[in-house]
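To begin, one chain is listed below as structure tokens, in the form predicted on its own.
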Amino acid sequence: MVKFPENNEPEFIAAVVGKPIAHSLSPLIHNTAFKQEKLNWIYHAIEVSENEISECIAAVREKNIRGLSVTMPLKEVLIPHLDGLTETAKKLNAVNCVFWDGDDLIGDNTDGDGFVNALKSQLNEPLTEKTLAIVGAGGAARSVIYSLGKNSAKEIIVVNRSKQKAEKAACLGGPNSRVGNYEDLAACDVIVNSTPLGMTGTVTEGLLPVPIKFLSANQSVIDLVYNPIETEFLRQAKLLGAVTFSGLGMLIHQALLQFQRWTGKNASIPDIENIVSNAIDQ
């Protein structure tokens, strides 16, 4: 049974829904942002399974929950229960954020734009001059490829074991996107691992999504895995001399795009990044 906390006026409630949900860092990010911006909001983690999604959205409407973050396995199954979708959510057929537009509940997907915002702040150079390789073709990859295409990246190369999945993902990036292989990585400015390989507490912990021999010192290497902060992939890339970034930037930027959708405000990132980073390291 889906149970949202009762809101105490004038407090607003937002929440992340999915299953499992106990590991989510979203409550830490959003509650830190609410406190930082002196907003009378509170954010909860609510476990919701696929067969409870109708009940969940009904409760959101009834209790006037002001915002939802959506994680697995609900990103697609909740779509029929909403009143509309943004163009990005339509294109990706996946929702990670729900917000109110008047009396309508609208689904959005902030993952890819969160990645691009993080990337711009990290590289401080135009994407129109960058060739990027995306390793993987799942949901995270698709959102990243679509947003890179929207932002006119010079070239997007999708590298994945399944060529068919790679082709479908590459189509989201527009005319400058194509399928490639490991040999194409040498010509790329940025390498992005969008797979879960290397994640703490999984059977792939410590594994590499790409053989290090295909990387070089003049590249930027990004791992969308954020736990651990430095994966084995990033550690070895750094030993080569590459500039490395964890998935923490995307995690925070996609969350703060949701925060903006709900509140109309922009939250400062550095303090949130430090707090979340410390929580992961503990």
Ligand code: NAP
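The model shown is predicted, which means the values in this text are computed figures rather than measured ones. Numbering starts at 1 and runs along the sequence shown.
This protein has a second form, the form predicted in complex with the ligand, left out of what is shown; the following refers to that one.
Here the chain stands by itself, but in the predicted complex one stretch of 237-245, 50-58, 33-41, 221-229, 221-229, has heavy atoms within 4.5 Å of the ligand. With the partner omitted here, the residue from Pro73, Pro211, Pro80, Gly138 that has a non-hydrogen atom within 4.5 angstroms of the ligand in the predicted complex is Gly138.
With the partner omitted here, the residue from Leu123, Leu185, Ile106, Met199 that has a non-hydrogen atom within 4.5 angstroms of the ligand in the predicted complex is Met199. Contact annotation: Lys130 falls outside 4.5 Å of the ligand in the predicted complex, judged by heavy atom distances. The ligand in the predicted complex is not approached by Lys154, whose heavy atoms all lie more than 4.5 angstroms from it. Under a 4.5 angstroms non-hydrogen atom cutoff, the ligand in the predicted complex has Lys165 among its neighbouring residues. Put simply, Leu251 is close to the ligand in the predicted complex: some heavy atom of it is within 4.5 Å. Along 66-100, not one residue places a heavy atom within 4.5 Å of the ligand in the predicted complex.
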